[in-house]
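Next comes just one chain, in structure tokens: the form predicted alone.
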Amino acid sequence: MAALCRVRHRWKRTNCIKLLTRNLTGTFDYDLVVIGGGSGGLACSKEAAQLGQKVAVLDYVEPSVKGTKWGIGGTCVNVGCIPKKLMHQAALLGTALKDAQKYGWQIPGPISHNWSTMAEAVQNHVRSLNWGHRVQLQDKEVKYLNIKGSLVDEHTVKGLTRTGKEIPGAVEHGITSDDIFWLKESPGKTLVVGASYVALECAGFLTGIGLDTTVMVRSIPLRGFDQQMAGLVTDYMEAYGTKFSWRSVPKSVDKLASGALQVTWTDKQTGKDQRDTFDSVLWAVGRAPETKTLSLEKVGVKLNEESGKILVAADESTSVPNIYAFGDIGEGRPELTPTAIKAGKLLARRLAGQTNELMNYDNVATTVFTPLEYGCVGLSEEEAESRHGKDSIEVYHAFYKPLEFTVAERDASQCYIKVVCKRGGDQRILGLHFTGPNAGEVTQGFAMGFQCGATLTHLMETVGIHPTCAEELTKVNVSKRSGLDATVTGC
């Protein structure tokens, strides 16, 4: 997250509290103070510094309940996108080794995976990124303070140093996605509680490296995403080896004498309790915004009381004139690294008087890095129906088989394309959805078309690259409404 003050400040130390205050002449020591050293906060601070502003960044990592902590860079670098994609790649390589034998590679002996080797390599890369961020801040003369910031008034920021912070003890059972990437030893048989994209991604790579993995789902998977696509993702995962406990709510976790964790849960479909034992229980039920420690109420910054997020306008401004918020902490903003980075840079430019351009949060592409990747941009089919009405949209779709799957004899039942269009005229594209290999790479390319008002006509006039999965998007022509078979045949 990032909360910013467009003022000048002076540091004053009181015991283990640092205060940013106005001095007697009425001037300030900083043009911009950024609370939060994640991707957005770092992008904003560096951009502002390049534009001649004097900038400070306050960043402090609250250790997880298991005591896991990390360096500057935020969730994405340390416990999100980066380590997740690397461990996803480890799982993909395991699948590739199996495919390789169908392609003629002779692989002697059984294939096994060493968690410690992978974890050390991933963690070393993350630490190199932490160091790189610190070097960049130093090069751009941005003051970095490893302290926890909060607001005293609209022109004053205080920071609690490490010596003034009690670190809570580790809880007896359970880990989170903050911990999984920093484990030195394999988590073993794992229960993943939750069905968000983080939960499914973690379950996917754990299954992929050979671990017995179960996902416990309370309601629906991938809430907020197109639900037909979400079903294809979980169907593939089940065929891939991930177990699912549907419509289930955890009740208790007990540690047995053997060291195993016995989990009791209620099956909401039958009302009966069930039990199983696991080596690890990974809670992936969402993140809460850290707004309570910022003392926002003291200065009048308004929050959404239900979500705890900060209410922001189109220009990232809050209810207090010189305080701004962007990234995950902003109410209604996508919780995505690239949007936070771009929003932070644009805010820095506006504050420096360089531009009036606002962040465009519409049609932001994203990808879920599950065993069968899912990329999307624009509206889900459900959202398109809700906004425009079922009779005012046309959905084109296709089931296809990636060429790579053929020789390897892999099931492609869930490899699917969906293009949601406005009905009539050139049929403006409202949403594009893709499950298959390299979904992020495929979706990123088509996302640019959304910024240019892409239509189905544009898509049909695009010549595909053969043979690729992406070219299937340029050939999609069967509508759901027609009832015709949407299976792609031939090459």
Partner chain sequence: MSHYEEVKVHGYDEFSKAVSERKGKDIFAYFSGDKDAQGLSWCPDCVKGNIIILLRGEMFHLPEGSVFFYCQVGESWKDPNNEFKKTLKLSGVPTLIRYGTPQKLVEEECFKADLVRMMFTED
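Numbering follows the first chain given and starts at 1. Please read these numbers as outputs of a predicted model, since none were measured by experiment.
The form predicted in complex with its partner chain is left out here; the points below concern that form.
Trainee: Name the stretch: of 128 to 136, 317 to 325, 357 to 365, 238 to 246, exactly one has residues whose heavy atoms fall within 4.5 Å of its partner chain in the model of the complex.
Mentor: Comparing against its partner chain in the model of the complex, the contact stretch is 128 to 136.
Trainee: Report whether the minimum heavy atom distance between residue 269 and its partner chain in the model of the complex is within 4.5 Å.
Mentor: So residue 269 does not count as contacting its partner chain.
Trainee: Can you work out whether residue 124 and its partner chain are in contact in the model of the complex, taking contact to mean some heavy atom pair no more than 4.5 Å apart?
Mentor: Yes, residue 124 lies within 4.5 Å of its partner chain in the model of the complex.
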